[in-house]
Ligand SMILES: N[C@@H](CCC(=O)N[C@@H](CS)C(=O)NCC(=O)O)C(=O)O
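Just the one chain here, laid out as structure tokens, in the form predicted alone.
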Amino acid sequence: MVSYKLTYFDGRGAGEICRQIFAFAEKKYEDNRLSDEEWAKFKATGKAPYNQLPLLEVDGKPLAQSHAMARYLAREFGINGKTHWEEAQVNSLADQFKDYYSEARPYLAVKLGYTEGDADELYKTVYLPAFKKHYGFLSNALKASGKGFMVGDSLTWIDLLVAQHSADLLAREGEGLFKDVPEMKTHSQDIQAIPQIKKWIEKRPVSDW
């Protein structure tokens, strides 16, 4: 039996996508959550390949980078797309999502308290343009599918990734942000209502991020 261990901080962040993949697949794993002090000690051991988290260990073998980890688990558990073409589409959307996050990062870093700055100004000049552009791309993919999923006619890990981010935005920024893309709000609600995901959300530790 394969053993899985996920090491990350005590928040959703970049570790949440793997947690939700495990939840959907109903697979057991060790959810190892570190404090900042514990991370400093762990980092000093050299066990994290790139000196960063999250870290996935499969039978003791380490794998870094959240999207690489998600792709691996999604393929193992059958939610990476039904065909090679669908898998490529999922990966394309995941890379596009990274582009969105990169553009939005200056605002999100201030909003979440990681750096100082004028959050209101960054929201107008940085975040809104990034959201409208990239959520427009996501909306196009959802509409092209026509099945309520980002790719094909069944759940893939990109649905989990986008749905959680949308849920975080709805909680933090409000529904008005989605006035031009209401289908993305519906997508988030529908994905997070999947029984295994709903159960995980109800029991996971509460965090601000």
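Numbering starts at 1 and runs along the sequence shown. Note that the structure is a prediction, hence the values are computed from the model and not measured.
The next section is about a form of this same protein that is not shown, the form predicted in complex with the named molecule.
This chain is displayed without the named molecule, yet in the predicted bound form the stretch 53-61 from 163-171, 23-31, 136-144, 53-61 comes within 4.5 Å of it by heavy atoms. Contact between W39 and the named molecule in the predicted bound form is found at the 4.5 Å heavy atom cutoff. In the predicted bound form, at least one heavy atom of S66 sits within 4.5 Å of the named molecule. Residue contact check for H84: none of its heavy atoms lie within 4.5 Å of the named molecule in the predicted bound form. By the criterion of a heavy atom within 4.5 Å, W200 is excluded from the residues contacting the named molecule in the predicted bound form. For the marked spot (Y8, K43 and K98), a heavy atom within 4.5 Å of the named molecule in the predicted bound form is present in each of the three residues.
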